[in-house]
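One chain comes next, on its own, written out as structure tokens in the form predicted alone.
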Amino acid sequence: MPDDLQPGVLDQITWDVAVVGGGNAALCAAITAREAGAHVVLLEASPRSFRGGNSRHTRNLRAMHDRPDGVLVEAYGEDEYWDDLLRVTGGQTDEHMARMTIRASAGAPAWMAARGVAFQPSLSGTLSLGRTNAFFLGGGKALVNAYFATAERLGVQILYDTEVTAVALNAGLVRELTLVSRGFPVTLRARAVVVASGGFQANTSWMRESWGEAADNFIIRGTPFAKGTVLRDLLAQDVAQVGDPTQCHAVAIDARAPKYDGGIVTRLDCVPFSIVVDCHGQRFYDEGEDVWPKRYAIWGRLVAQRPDQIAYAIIDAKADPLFMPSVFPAIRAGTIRELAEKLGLDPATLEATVAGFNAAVVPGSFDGARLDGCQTEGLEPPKTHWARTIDTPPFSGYPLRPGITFTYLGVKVSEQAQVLMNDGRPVANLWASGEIMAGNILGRGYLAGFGMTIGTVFGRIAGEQAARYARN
């Protein structure tokens, strides 16, 4: 923190726009507001070395395009994009707001590139997304580093180690923010405020309110700073709530991952080519229901609903080369019985589950790159694609836990990203972007790269609107 912005000085400044958060959505808002001429301060709860929120761990953004555009190949139109979103959410979305986001995504890659973000072609494997998603060269850390560099060059004031603990609302206006900045209490004033401080997934006690003791077995694969402090404070002040507190972006990650901040490398992509059993050695869901980009984000929730919140993916040697290797080594064995013993499962039960699965597999033409129709017959639950017998040693197992990326409970906003009260009135000088408002569009399920799309689109809208309000 510069000497002229020590806590005693901060109390004396009135900023045009204060942005709460330090991830993609916050940075898009801060950069946009600053480019519009506003005097902007960005309040990042983490220290500089951990800046960037969950965006540090992302890889790509889903963008509509009518023709090949940069690293995006072929075309991905509005109706196909909307249909993909409709299917993963099961209709729990807002079509008007979703289509507005989809249309705005077409301009996102060019806007990002102009602010230092570099792109690369899609990776191959189970998340082959070259037609729908633009990948960031260097991943999420490179993305946020580029944005922070742009923000600093433009003159955005960035305060690290600065947690907003309260937003003072009165008569439809934000009056001030209460902070703890580098350990010192501060009261900060701004003409307009953008909250982009994420969900509450890193707040275990809040997660327990919805999930009970099961929440203790969840792994938070993103930032440990997303504790929902601002979200809970706003909801307690009659701000309208959107979303279900039990819904979240939850993937199946390796159970050996750290409790927080393990990132995207902890995810296991072997599920479509495996059978997945619970701690009793029983299958519980169709592992081949759809292509992995449209299903990977349901498996965390599925595991969360199993006993002890743990499951195991079982494959044989034929499946080994079909997915991106895990950072954790596979647990291998020469027989299913030996593998069960190493995983702590009942050997007889796992042998029976595998034998029953193998007997139900209908011979077909396997193709791991598309829905191939290789399926089981007479088995419950079925496996509808990529079903092959598990019979070729060595056999491998991976333990799975629910890996929570972000929760969907949030604040209700208008299409202009303005925060709404329970009576429908907007808070005159408060906007929201990113995961704290994603529940307006994501009622359940997830579409790969769509969280970054929401953050980018609504971050830019929020920054533009906040700057306009402050400058007028």
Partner chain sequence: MHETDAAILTEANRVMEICNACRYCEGYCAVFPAMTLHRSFAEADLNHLANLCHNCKACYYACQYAPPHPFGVNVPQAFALLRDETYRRYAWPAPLARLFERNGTVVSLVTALVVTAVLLLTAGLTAPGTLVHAAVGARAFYRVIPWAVMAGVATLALGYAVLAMTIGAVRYWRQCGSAQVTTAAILRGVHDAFTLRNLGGGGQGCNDKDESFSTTRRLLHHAMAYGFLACFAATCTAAFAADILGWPAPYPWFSLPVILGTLGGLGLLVGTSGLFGLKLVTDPTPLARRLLGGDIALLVLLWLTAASGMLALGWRQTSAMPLLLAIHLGPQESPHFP
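In this text, the rigid core denotes the largest set of C-alpha atoms whose superposition between the two forms falls within 1.5 Å. Positions refer to the first chain, counted from 1. Quick caveat, the model's predicted, so the values are computed rather than measured.
The same protein also has a form predicted together with the partner chain, omitted here; what follows describes it.
Using a 4.5 angstroms heavy atom cutoff to the partner chain in the predicted complex, none of Arg62, Gly70 and Arg295 count as contacting. Interface residue among Ala142, Leu379, Ala240, Ala104 relative to the partner chain in the predicted complex, by the heavy atom within 4.5 Å criterion: Ala142. With the partner omitted from this view, the residue of Phe395, Phe323, Phe218, Trp299 that lies near the partner chain in the predicted complex is Phe323 [heavy atom within 4.5 Å]. Using a 4.5 angstroms threshold between heavy atoms, Val265 counts as touching the partner chain in the predicted complex. The closest non-hydrogen atom of Phe357 lies beyond 4.5 Å of the partner chain in the predicted complex. Although the partner is absent here, Arg51 is a contact residue: one of its heavy atoms lies within 4.5 angstroms of the partner chain in the predicted complex. Not displayed here, the partner chain is kept clear of Ile310 by more than 4.5 Å at the level of heavy atoms in the predicted complex. Note that among 380-388, 283-291, 89-97, 314-322, the stretch whose heavy atoms approach the partner chain to within 4.5 Å in the predicted complex is 314-322. Of the residues in 52-87, those that come within 4.5 Å of the partner chain in the predicted complex through at least one heavy atom are, in sequence order, Arg56, His57, Thr58, Arg59.
Relative to the superposed rigid core, the position of the CA of Leu322 differs between the shown form and the other one by 2 Å or more.
With the core superposed, Arg189 shows a C-alpha displacement below 2 Å between the shown form and the other one. Superposed on the core, the two forms barely differ at Tyr81: its CA moves less than 2 Å between the shown form and the other one.
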